[in-house]
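As a starting point, one isolated chain is supplied in C-alpha cells, in the form predicted alone.
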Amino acid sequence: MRRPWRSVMNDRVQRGAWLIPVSLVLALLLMILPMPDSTAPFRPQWLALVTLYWCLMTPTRFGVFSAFAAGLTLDLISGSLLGQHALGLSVIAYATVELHQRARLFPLSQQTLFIWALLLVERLIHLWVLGATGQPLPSLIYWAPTLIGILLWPWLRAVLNDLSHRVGLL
C-alpha cells in the first residue's frame, strides 16, 4: 500500500532532524574551545554562523526562539552576561527569517556580504551590551571575527548543504 506524500515527506524530515542540534552543539564547542590568548580574539562566531545557516535554509524549523535558546546556552556555558548572546542571535535570526526568500536567491558573493552585515549587527549588539553594563570597550581587533566569518561562510554553507542533502533534511 502506498503512503501519502505528506507521510513520506514527514519521514524524510524526521530522518535528518538530528543534524540541526548536532551542528549547534559542535558550534557551541568551537565557541568555548580553549585557545591561546594571542589567537582568542580571532575566534570566529561559530554559533552565529550556524544559526544564520539554519535560519536561512530551514526557517520553519529553526527561527528566533531557537536562536534565543542557543544564545542563552552560550551565555551559560561561557559565563557571560545572561542574555547577551541571546539578544544578538535573536535579532540576526529575525532578520534572516524575514529575508530568507531573497537571500537564498543571492549569488554566493552577495549572500556572503549579507551574512557579513548580520555578523556585524550581532557584534554591534554585543558592543552595545558591553557599553550599557559599564565594561571597557574593546580595541579594533574586536571586529576580526566578522572578517573571519565571511571567509568561513562559503565553506560552512557547502559542508552543511552537503550534510543536509545526504540526510534528507533539505
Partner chain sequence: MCALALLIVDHRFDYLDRVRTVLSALLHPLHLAADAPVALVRVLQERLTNEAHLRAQNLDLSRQNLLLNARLQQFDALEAENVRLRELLGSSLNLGERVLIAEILAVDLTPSRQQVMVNKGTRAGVFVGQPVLDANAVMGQVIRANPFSSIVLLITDSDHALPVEVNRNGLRSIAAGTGVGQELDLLHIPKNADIREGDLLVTSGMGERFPPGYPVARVKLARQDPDNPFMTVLAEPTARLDRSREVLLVWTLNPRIPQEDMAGAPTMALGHE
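Residue numbers count along the first chain shown, from 1. Worth saying up front: this structure is predicted, and the values here are computed from it rather than measured.
Keep in mind the form predicted together with its partner chain is missing from the figure; the text below concerns it.
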query: Heavy atom within 4.5 Å of its partner chain in the model of the complex - the one residue of 106, 42, 116, 128 that qualifies; finding: 128
query: Interface residue in the model of the complex among 25, 148, 159, 17, criterion: non-hydrogen atom within 4.5 angstroms of its partner chain; finding: 25
query: Touches its partner chain in the model of the complex: residue 139 (any heavy atom, 4.5 Å); finding: no
query: In the model of the complex, residue 99 touching its partner chain (heavy atom, 4.5 Å); finding: no
query: 4.5 Å heavy atom contact, residue 120 and its partner chain in the model of the complex; finding: no
query: Distance check, residue 95 to its partner chain in the model of the complex, heavy atom within 4.5 Å; finding: no
query: Partner contacts in the model of the complex for 46-71 (non-hydrogen atom within 4.5 angstroms of its partner chain); finding: 68
